[in-house]
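To begin, one chain is listed below as structure tokens, in the form predicted on its own.
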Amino acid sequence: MAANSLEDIFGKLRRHPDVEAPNLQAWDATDKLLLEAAAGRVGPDSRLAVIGDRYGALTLGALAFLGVQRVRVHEDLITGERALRNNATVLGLAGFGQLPLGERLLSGAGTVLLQLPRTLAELEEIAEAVALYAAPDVVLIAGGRVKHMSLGMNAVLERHFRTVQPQLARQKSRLIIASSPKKAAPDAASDTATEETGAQSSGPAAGHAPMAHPAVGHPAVEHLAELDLDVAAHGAVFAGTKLDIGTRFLLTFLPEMPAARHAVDLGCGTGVLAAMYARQNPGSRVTATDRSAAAVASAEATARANGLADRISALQDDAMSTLPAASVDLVLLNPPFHLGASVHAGAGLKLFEAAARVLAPGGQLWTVFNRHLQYLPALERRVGPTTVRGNNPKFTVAVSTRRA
């Protein structure tokens, strides 16, 4: 075991390029609990996989605290991928490969550390992948904050593992240890040649083009009769195959939206806004973009399911960072008001600033947001003149026009 203490490692971690604030940190007690549980199981040559490492606490802790020489890691959010690389540079650590959820990540893994996801659907995809591809004697050590855990998580894991053992809670976190997968992976050759050493092949400023989603199997697909639209969703995507009520309200204003040369569905989720806009405006080029790999793959699948694949391009990116300035005529946005488990306005404000950068003069940002959020002054300051187009008991729809 390396000499570094977890406190030394965690104290240097940052969330950047994700939103940073005094009440937001780059690690939690679950990260510490997971690493301490793994300490007696892994050594320098262990085949360790990490899933859901938000800003690198688990991966870098395994390298510096546990002394593991190589770690394979999957993060759904591109902000998490970039934060891990940034933090690794600060700590002077290498030896990790960032990979999709699937065989390359999990082949032969003897231990898997998992920050439990918020949805059972995402946990189902992860548990299926671990059981299918990891070593027959794999031990999955999953952890989360007690307030976000449910008995349903045990049930999901029991579908894929013969032994599931919930542990006693510590520091408001709890572990679940699962072993004896019900469908063990076949022996596979080492994939270390495909891993990067502390970095991905894409640079820190690069977005990811459409990619095969890392999850096992295919997304769930449901036909929404009210829109006459097939919606595809992987487990990590907000609202799944259902229609989010904010998106529903924004869509009522679709006939008023201009026909743009280039329109962007920012924070696209399953791509419902992109698909509906593209259907109504056949001459427009539409980009569906999100920081989540699962969302981008879902939006791509939604476009394909509705015959719109040639009209909609999907891009994993952080707040449109790879789109040129003043290159877009229209942005559609249903911004999140949570950052992980925290209610925080920073996510929306970051996206407003991004829209201001990519919109051409005179371009429009159409936003739907909860009525209690004081976003109108921020939209005026960051984008330009803003008018309210509609209200219902829960939501406001506003249009902001980019200043010349």
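Source: prediction; values computed, not measured. Residues carry their position along the shown sequence, with the first being 1.
From this point on, the text means the form predicted in complex with a small molecule, which you will not see here.
K.L.:
Please identify, from 285-293, 255-263, 106-114, 136-144, the stretch that has a heavy atom within 4.5 Å of the small molecule in the model of the complex.
P.N.:
Single hit among the candidates: 285-293.
K.L.:
Only one of 233, 312, 273, 178 comes within 4.5 Å of the small molecule in the model of the complex by heavy atoms, so just point that one out.
P.N.:
Contact with the small molecule in the model of the complex is made by 273 alone.
K.L.:
State the residue from 300, 318, 122, 128 whose non-hydrogen atoms include one within 4.5 Å of the small molecule in the model of the complex.
P.N.:
Only one listed residue qualifies here, and that residue is 318.
K.L.:
Heavy atoms within 4.5 Å of the small molecule in the model of the complex: does residue 87 have any?
P.N.:
Because no heavy atom of residue 87 falls inside 4.5 Å of the small molecule in the model of the complex, the answer is no.
K.L.:
Does at least one non-hydrogen atom of residue 335 fall within 4.5 angstroms of the small molecule in the model of the complex?
P.N.:
Result yes; residue 335 sits at the interface with the small molecule in the model of the complex.
K.L.:
So in the model of the complex, does any heavy atom of residue 247 sit within 4.5 Å of the small molecule?
P.N.:
Residue 247: contacts the small molecule in the model of the complex.
K.L.:
Are any of the heavy atoms in residue 41 no more than 4.5 Å from a heavy atom of the small molecule in the model of the complex?
P.N.:
So residue 41 does not count as contacting the small molecule.
K.L.:
Would you say all of 27, 61 and 174 touch the small molecule in the model of the complex, counting a heavy atom within 4.5 Å as a touch?
P.N.:
Verified in the model of the complex; spot residues all out of contact, no.
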